[in-house]
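In the structure tokens that follow, the same protein chain appears in two forms, which are kept apart as structure 1 and structure 2.
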Structure 1
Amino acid sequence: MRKNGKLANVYLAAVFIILYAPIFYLMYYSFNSGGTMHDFKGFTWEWYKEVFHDTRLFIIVLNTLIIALLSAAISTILGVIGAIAIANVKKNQTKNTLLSFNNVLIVSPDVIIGASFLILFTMIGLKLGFMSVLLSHIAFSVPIVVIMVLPKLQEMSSSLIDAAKDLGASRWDVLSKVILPYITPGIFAGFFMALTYSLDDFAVTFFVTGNGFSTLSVEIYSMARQGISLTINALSTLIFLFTMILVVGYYFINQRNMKAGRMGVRK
């Protein structure tokens, strides 16, 4: 194939610089003793210290992580069940209807999901707070898991299941010894996706979080609305590093799975 011209590389470099500039800008000023996002006065760890000494912030970080892990775990279970359910449907029309319903929450704008869940929880009489945030995160993560798991199920040959059944495996045996091991890469991918969606979500959480409960993105929003505070910069730098670790981890798990996939079914 043709190689890129000089101009093309300059263009691509410009796109990269613009994509990363704000992130590094933010990180750079997190060390500014001047307390503003301009005029770098001197190096300081002050803002990081503030982040670590802020108990309220610590609780919010903890909330965010608990919500993310719990919702990812529960939605992975529900999503796997959903994917198996869809894969087992024989009629094409029913299958497509289910898939369309599945995709509604993926394509819907966050504001609509947030607003409609707010109505739903109020109708049910659920107090806004931890439970409402957790439930909504589970709700919007389920379809993502389904989409990550379904292709794995579809590429699995049904003779594997038939063979297991012929050999006398119970329904539970088929699930735990045949299906689940086969789709494990999809399950991991789905779990990670659900985790990042939950960590990343702002709009939906903003609608369904009541007073007194907050996640990191909601907190950052209210802090940012009040203007610049370098505590946010320090916090974002930490989040950025954390995200990097997650992404790199996800990337390597994926790589390993791909290799394992090429070698055949995993043990």
Structure 2
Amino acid sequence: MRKNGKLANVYLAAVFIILYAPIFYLMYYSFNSGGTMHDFKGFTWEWYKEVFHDTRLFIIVLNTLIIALLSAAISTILGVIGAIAIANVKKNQTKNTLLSFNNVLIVSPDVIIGASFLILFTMIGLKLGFMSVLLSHIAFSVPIVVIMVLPKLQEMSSSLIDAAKDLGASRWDVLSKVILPYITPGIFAGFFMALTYSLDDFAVTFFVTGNGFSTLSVEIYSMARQGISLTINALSTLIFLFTMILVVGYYFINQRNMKAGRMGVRK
């Protein structure tokens, strides 16, 4: 058993090294005064200063954050409504069908999704830009929220709802005071997952973005095509750190909710 445990730890460590080594390599050379991805000549903040002094890049970062926050918020609302609707379906066949439709955007290749949205927006005459990117991000984020929220709804005992109704609670009271508080961890998980997916998405955004509007993923791709620049390293490092802050923030929020739930059970 101990040998198996040690082998598992070694395997896990090797996986993390393979995954994170390229990221740390990129971060390391973001401080290289030599301006190349080899032969580290000295420490400098020059590339980070270029990032912060680039007004166009600041606008793109702002666009990315607005898109991510708006799409995450709207998709969380729609996803919670969808998850509750699916959970309340009586027939298993109908429920499985709805879940299958929900999972289509998750399992479909991003290139196909992006091309489909591009054709749709072209057909209806929607100008490519902020609105097209926002609608696309909402569309592929809603199924993610549904998947995160639905297990919490299935985990919840129906006796809680029956007890609330017996005590005279209205439908709104049941929803706002029983169901939503119980599935709050799933809602937060769905929101942060949608936010992360929106920040990281490139393929779909590349298809539906238009002239005069861009997001960080598309901008980094454009910068990389022009040649090696350590400004890309600095920008990528900042994005990675921001994502880590989101993950850590979600972890602490989740831990606090779990502690609050345990305290409630004890009372």
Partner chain sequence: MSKTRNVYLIPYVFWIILFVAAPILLIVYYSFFNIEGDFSFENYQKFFTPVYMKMTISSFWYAFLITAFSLLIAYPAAYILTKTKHKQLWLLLIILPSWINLLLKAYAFIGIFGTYGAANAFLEAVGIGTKQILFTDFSFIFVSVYIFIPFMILPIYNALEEMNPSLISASRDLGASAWTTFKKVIFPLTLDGVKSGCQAVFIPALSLFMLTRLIAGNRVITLGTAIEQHFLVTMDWGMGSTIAVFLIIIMVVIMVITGSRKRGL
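Definition used throughout: the rigid core is the maximal C-alpha set that superposes within 1.5 Å between two forms. Since the structure is predicted, the reported quantities are computational estimates derived from the model, not experimental observations. All residue numbers here follow the sequence of structure 1, with the first residue given the number 1.
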So which is the form predicted in complex with its partner chain here, 1 or 2? 1
Using a rigid core superposition, assess whether residue 169 undergoes a CA shift of 2 Å or more between the two structures. yes
Keeping the rigid core fixed, what distance in angstrom separates the two C-alpha positions of residue 16 between the two structures? 3.3
